[in-house]
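Presented as structure tokens, the chain that follows is alone, the form predicted on its own.
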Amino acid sequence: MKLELRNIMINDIVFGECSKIQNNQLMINPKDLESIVLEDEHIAEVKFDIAKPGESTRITPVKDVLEPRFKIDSESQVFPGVASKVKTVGEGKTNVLKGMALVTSGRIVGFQEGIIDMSGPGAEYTPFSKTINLVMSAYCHEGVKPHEHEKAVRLAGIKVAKFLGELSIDVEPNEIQVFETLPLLQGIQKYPDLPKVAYVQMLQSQGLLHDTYVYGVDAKTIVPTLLYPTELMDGAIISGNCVSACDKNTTYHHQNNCVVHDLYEKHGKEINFVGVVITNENVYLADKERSSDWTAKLVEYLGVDGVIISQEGFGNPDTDLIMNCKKIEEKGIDTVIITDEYAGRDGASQSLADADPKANAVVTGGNANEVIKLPPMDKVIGHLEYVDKIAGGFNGSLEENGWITVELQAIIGATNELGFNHLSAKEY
């Protein structure tokens, strides 16, 4: 598959009488978006705000982050199976609104949505302090069940992102990036002397509100399968997770998966990047065994020399991670795993809930238990009363003077297990 990403830089977002992109500025008429969101009978109210880098603004609780994209020359469309028909994506031309993000918020659902600070010490830990953010705060009617609440807000975010992407139809890009993965045998023949590398992406799927969707299908119900890397860029995988904010893969993370981008950067030069294996994270042992067996089988079938494995979440998924690593290593294939740590506030506790000697090449996204103090912000988009309840918070996190003391796990993307952050650790 060959995909052309046509990047359109968004240097500013403003509200106005019409919705359009002109001179790298996104103008939005909120009424255009409100009518889309309120089509869902579960949603009673929605409002939109703008948060810009460097402002004294806090967004919380954050549910998801998305990057608007739109395919301009294909029957398929981004977010297949959700916002469009179930057509295979990952090839053709896709417009991308770079430099901005759509952030979805509202009242809390799963007690694990997090915080984005646009300035101050907290801003250093989230990539979304650097994007110009259009924030959608959606509020459901009383009595709506948590899983219905999550679904309504998730789908509303997808529909708004699609609308924003469509505004780019006639806009010329500032930059064009081309990504191509050949069918397996052709790719091997093209680069016969380069080591073959695959990427195994673990998807969070452990129970209610721990959801990831592949072409609209809940990943709980899938068995491991193969994807072209470019399918991720077109929104084949979206987030429905209410898990710890620090290592949640938002939809934006899936669209801009930095493991995929880094492997493409080396492709044809130092390695032969042959493709992606996606697998789920399971609750029960039998399901963990099945998925890890299939993952190792698919990797072996690809005939690769090395694999990068990324995790999402912590605790129970650590077992899935180690199973995948161990079984792939036992087939004679080198692995590198990407994870983060819950090593206690002093960093002295066991970092992962599971381990194996074969997991001897590990990249960490940092210690999620590290404590940080966040100063008050002049503007809050959302609701501060949930700070004491979200993962990483505790009774007393929100002080009377407006300061917040939390663990890093409360900050969106702080210890992201794709490496989409600035934290890591090195052994000396």
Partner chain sequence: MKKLRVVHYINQFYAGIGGEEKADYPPEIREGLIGPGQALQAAFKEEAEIVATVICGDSYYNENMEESKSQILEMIRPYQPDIFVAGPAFNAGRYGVACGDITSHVQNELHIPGVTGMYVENPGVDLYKKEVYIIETKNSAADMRKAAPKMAKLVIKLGHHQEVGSPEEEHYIKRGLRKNYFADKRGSERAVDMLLAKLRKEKFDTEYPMPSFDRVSPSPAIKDLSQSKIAIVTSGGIVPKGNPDHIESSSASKYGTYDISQFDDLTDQDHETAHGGYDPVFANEDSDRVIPVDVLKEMEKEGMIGSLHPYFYTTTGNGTAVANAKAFATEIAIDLKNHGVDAVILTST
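On a predicted model such as this, the values are computed, not experimentally measured, just so you know. Residue numbers count along the first chain shown, from 1.
The same protein also exists as the form predicted in complex with its partner chain; that form is not shown, yet it is the one meant from here on.
Scanning M118, V197, M100, V96 against its partner chain in the predicted bound form with a 4.5 Å heavy atom cut-off leaves one residue, V197. The contact with its partner chain in the predicted bound form, taken as any heavy atom within 4.5 Å, belongs to Y342 out of F128, Y342, Y228, Y252. Within this chain, L408 lines the site of its partner chain in the predicted bound form, having a heavy atom no more than 4.5 Å away. For the chain shown alone, N367 is a contact residue for its partner chain in the predicted bound form, at least one non-hydrogen atom being within 4.5 angstroms.
When contacts are judged by a 4.5 Å heavy atom cut-off, N133 does not count as touching its partner chain in the predicted bound form. Among heavy atoms of D356, some come within 4.5 Å of its partner chain in the predicted bound form. Using a 4.5 angstroms heavy atom cutoff to its partner chain in the predicted bound form, all of Q350, I390 and S424 count as contacting.
Heavy atoms within 4.5 Å of its partner chain in the predicted bound form are found in exactly one of 183-191, 260-268, 220-228, 169-177, that being 260-268. Along 202-223, these residues reach a heavy atom to within 4.5 Å of its partner chain in the predicted bound form: L208, L209, H210.
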